[in-house]
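Quick setup: one chain, the form predicted alone, written in structure tokens, and binding and motion questions come after.
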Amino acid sequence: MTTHFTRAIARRPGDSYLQGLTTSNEGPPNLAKAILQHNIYVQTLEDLGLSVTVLAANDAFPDSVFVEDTAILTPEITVLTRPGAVSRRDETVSIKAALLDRFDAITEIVAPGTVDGGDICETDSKVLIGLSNRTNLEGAMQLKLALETVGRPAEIVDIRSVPGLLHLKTGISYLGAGRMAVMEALASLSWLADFDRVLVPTSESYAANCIAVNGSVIMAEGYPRFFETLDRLGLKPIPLDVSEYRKMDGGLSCLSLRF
């Protein structure tokens, strides 16, 4: 099951976090509050049964708290990405070192390919690879081939025409058992036809980025309609305040590598 995990890797936000990339107009993040929110996030993963390795802050890279973009971890293969934002490319150096402590072999995306982990949505039937402003076709094809070589089906989907969608998982999240949380703007797309779509209202679109973990769904706090939907489905929603990560175009899935 792609929603069952035993371990995770996270990285603390550093003093440079306020200089990270963002398109948000919500103002600068509060670093002290971001650190508190990160601590609660890690504790929540631990409460759900995960052993979490928290890497030290890396002030050379303001966006490095968003570790998900640097690697893709599936039961069959470990892939080091090549982030689409030039300022984030070298984040993979320290992540590679952390992965080599845990995995025997690592496949790497190489130039001119780019892949952000936020564009990769693992499901039980296949891996969806989003083409975005951060993940290009060359990178997507490299990843698709690597996955299919180890027997994992993959499909490339183009999200570049969807306004406001930084990554694929900005708009969808796999909930397990064939269910997919989907923001309304994506709900009619053909590549989602095989999934039982759990709609996220347009007014609550940010909540579409959530993570199903060991029988619960960690979701952003402040989205009552989506909370009620998950609760009604018996998916045990756990709302967390991630306001200081929303200000930097980040969400819940961005903050950890789960495996």
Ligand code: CIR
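Predicted model only: the values in this text are computed from it and were never measured. The numbering used is simple: start at 1 and walk along the sequence shown.
The next section is about a form of this same protein that is not shown, the form predicted together with the ligand.
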Residue contact check: Cys121 to the ligand in the predicted complex, 4.5 Å heavy atom: no
Glu204: touches the ligand in the predicted complex, heavy atom cutoff 4.5 angstroms: no
The ligand contact at Leu21 in the predicted complex, heavy atom, 4.5 Å: yes
Partner contact for Met248 in the predicted complex: the ligand, 4.5 angstroms, heavy atom: yes
One stretch from 36 to 44, 63 to 71, 49 to 57, 223 to 231 that, in the predicted complex, holds residues within 4.5 Å of the ligand by heavy atom: 63 to 71
One residue of Leu143, Leu166, Met183, Leu175 in contact with the ligand, assessed in the predicted complex (non-hydrogen atom, 4.5 angstroms): Leu166
Residues of stretch 74 to 100 in contact with the ligand in the predicted complex (4.5 Å, non-hydrogen atom): Arg88
